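For reference, the chain that follows is the form predicted on its own, supplied as structure tokens.
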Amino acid sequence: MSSKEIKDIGIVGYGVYIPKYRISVDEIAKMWHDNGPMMAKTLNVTEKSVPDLDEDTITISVMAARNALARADRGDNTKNNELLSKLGAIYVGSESHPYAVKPSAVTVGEAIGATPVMTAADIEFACKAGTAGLQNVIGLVKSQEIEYGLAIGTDCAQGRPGDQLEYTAGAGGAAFIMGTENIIAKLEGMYSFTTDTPDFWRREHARYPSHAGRFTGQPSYFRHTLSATKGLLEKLDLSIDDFDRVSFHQPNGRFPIAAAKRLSIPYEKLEDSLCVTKIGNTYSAASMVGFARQLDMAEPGERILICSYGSGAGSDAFSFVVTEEIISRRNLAPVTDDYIEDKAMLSYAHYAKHRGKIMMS
């Protein structure tokens, strides 16, 4: 890549994918003799997405990446092939990779026609692995090591039967292609806040994660989300009033609303990002899917804040400003609501089969 001054860096293509199957909170509650309406109200989640029998984080990543490419090529397949040849990095952030040893990123690259690629890797940092990959891609593009980079956040989240996580652990993915030309949303800056706060974990060979209950709230989610957001505002010399839209990580439907209140963010700036109420917590994809839905609805000139959260613990905050390019390219791929509204409900038995809780001989 030739060395030249880079004025702007930003999103040149974005896409999501959400499996069509769903299970309601009421259906899960019936299995464990819980009060479904109470659980739905407590979590502010009515149902969650469930991967099909032949879906995993790789297949979800491929679909999200193809949708991102469709927007990046601006409706011109020739452009698509040119972009693929210049795609220098692929990072897949997830805590549910199909293989313990074998990268998902290279399989995704092969499936979308991007291999060989300069660098490809899987990233793990609980629910902020996707935005960690986004930071890596931004750094490579900004340093002119690559022209385009692809960052994906994706998960088929796990939840132990009967555990509170089972009510919200969903499946989905979001992909973002970063570059310096034909930008849909320009990056203004990013800021991270990270500490060793063990609120959620899954040891090797353990099938389901463990969590510290209420400890995941105040010292973990809220401390890191608020600190990263405030750090970004200070770094960019902006205030919350300067932002038109916001997307926070969504472990349930309550936490992002509470975080917004603590930052004096009006609910209407957050509302369009709240996919969790209908598809559950998609873990590494959650804040990115919410951000994608904000892009689906944003107008040129609007400023969007995205702040992820990953247990362990850390948050990545970004500021993007939407450009005129969004108008002509938004509908070149399915928007987030196309996937949210295309659904088929499952019984608990079918859900258990889909998630491998019932083993087939």
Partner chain sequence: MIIMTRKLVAENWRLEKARYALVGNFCKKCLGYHFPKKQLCLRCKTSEHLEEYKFKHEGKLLEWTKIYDPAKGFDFAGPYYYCIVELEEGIKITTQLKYVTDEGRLKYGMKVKLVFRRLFSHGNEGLNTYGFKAVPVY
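Residue numbers count along the first chain shown, from 1. What you are looking at is a predicted structure, and each value in this text was computed from that prediction instead of being measured.
Same protein, other form: the form predicted together with its partner chain, not shown, and the subject of what follows.
Taking its partner chain in the predicted bound form, would 54, 81 and 358 all count as contacting it (heavy atom within 4.5 Å)? Every residue of the candidate spot has a heavy atom within 4.5 Å of its partner chain in the predicted bound form.
At the 4.5 Å heavy atom threshold, is residue 66 in contact with its partner chain in the predicted bound form? Residue 66: yes, in contact with its partner chain in the predicted bound form.
Even though its partner chain is not shown here, does residue 59 get within 4.5 Å of it in the predicted bound form, heavy atoms only? Answer yes; at least one heavy atom of residue 59 falls within 4.5 Å of its partner chain in the predicted bound form.
Evaluate residue 267 for contact with its partner chain in the predicted bound form, applying a 4.5 angstroms cut-off between non-hydrogen atoms, and reply yes or no. Looking in the predicted bound form, residue contacts with its partner chain do not include residue 267, since no heavy atom lies within 4.5 Å.
Consider residue 110 of the chain shown here, and say whether it contacts its partner chain in the predicted bound form, taking contact as heavy atoms within 4.5 Å. So residue 110 counts as contacting its partner chain.
Which residue, 230, 102, 262, 142, has a heavy atom that falls within 4.5 Å of its partner chain in the predicted bound form? Contact residue from the list: 102.
Here the chain is shown alone; which of 161, 98, 219, 189 has a heavy atom within 4.5 Å of its partner chain in the predicted bound form? It is 98.
Based on heavy atom distances of at most 4.5 Å to its partner chain in the predicted bound form, which listed stretch, 111-119, 126-134, 282-290, 219-227, is the contact stretch? Partner-contacting stretch among the options: 111-119.
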